[in-house]
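Take a look at this one chain, the form predicted alone, written out in structure tokens.
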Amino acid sequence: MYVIGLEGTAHTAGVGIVSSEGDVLANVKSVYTTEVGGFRPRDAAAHHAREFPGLIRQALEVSGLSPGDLGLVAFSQGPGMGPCLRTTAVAARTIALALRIPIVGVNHCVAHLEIGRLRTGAEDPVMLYVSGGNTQVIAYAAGRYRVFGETLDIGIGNMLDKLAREMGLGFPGGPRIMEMARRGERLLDLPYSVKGMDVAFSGILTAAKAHLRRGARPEDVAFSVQEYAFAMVVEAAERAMAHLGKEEILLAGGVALNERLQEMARIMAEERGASYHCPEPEFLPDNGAMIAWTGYLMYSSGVRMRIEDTVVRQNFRTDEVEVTWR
């Protein structure tokens, strides 16, 4: 079976095609960006509506398949931004109805974990999922992917984007903060907010803005924010590994592209005698292949949906999904 997957929870419109054997035949995307200011959901949704037709054609060309070869369409049902999710769902429903093939709505967070397992060979990891809207420590237990720790306020990527906007940078801000942090020389004092298994980032953002107002070098602010925030999430992930007795750490999400975060997670794993897993860069941020692969896993384990079951869910929790394929 060949599955086409549409991702569109936030800034990325992605289309992937995978085979039932786990071969990624196509994985193309277009990312909504701004030169100044932050994320505007309606503008992002308009971007997706413009880009999806061309991306679908491109994915088919790259894969060497024709529309008639497709046996299933999967799409990101949530969580995410309402306008973006609805645009993606409409595109997926159109494919399903036009080709008369089944449709499956996929939990975006679970998809990050499953593509990570596929690409790295990790069997039963604790996943540190760090992105713009999500910051969670996730692992499999008793038939579901459970959230063992998460942000209590904003996602780590959202925090980095807000900091970048304060510095006059565009969206997304994470990559620009990473570049700036490489030139940082001084570790500034910031709140370290780990609360049990959970973390909080709004205090770090407020303190970082205060440092900027007092004349601190932006490079030092970026460096310090990374050091504090990344140490917090790695600590939460390590605590989950100890609690669950798991010996694998898997990184996921766009923020996981950050080389300093990867270094911290790798060092933690080595010191614990655990294994560190991180998929190729194209599979860390939002992408269509992860939706396609998770859709196949769901469908092959008996999950079926009618068109009326494909209503988007902005607050679709990771631990609401019954993991029927494990």
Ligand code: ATP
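Owing to the predicted nature of the structure, the values given are computational and were not obtained by experimental measurement. A residue's number is simply how far along the shown sequence it sits, counting from 1.
Omitted here: the form predicted together with ligand ATP. The next part is about that form.
Residues within 4.5 angstroms of ligand ATP in the model of the complex, judged by any non-hydrogen atom, belong to 155-163 and to none of the other stretches in 155-163, 240-248, 96-104, 70-78. When ligand ATP is considered in the model of the complex, G116 lies well away from it, no heavy atom lying within 4.5 Å. Ligand ATP is not drawn, but in the model of the complex it has a heavy atom within 4.5 Å of D286. In the model of the complex, ligand ATP stays beyond 4.5 Å of every heavy atom belonging to N27.
Residue contact with ligand ATP in the model of the complex: G133 places a heavy atom within 4.5 Å of it. None of A92, V255, V137, C84 but one reaches within 4.5 angstroms of ligand ATP in the model of the complex through a heavy atom, and that residue is V255. The partner is absent here, but in the model of the complex a heavy atom of M178, alone among L190, M178, M197, L212, sits within 4.5 Å of ligand ATP. In sequence order, P172, G173, G174, P175, M178 are the residues of 172-211 having a heavy atom within 4.5 Å of ligand ATP in the model of the complex; the partner itself is omitted from this view.
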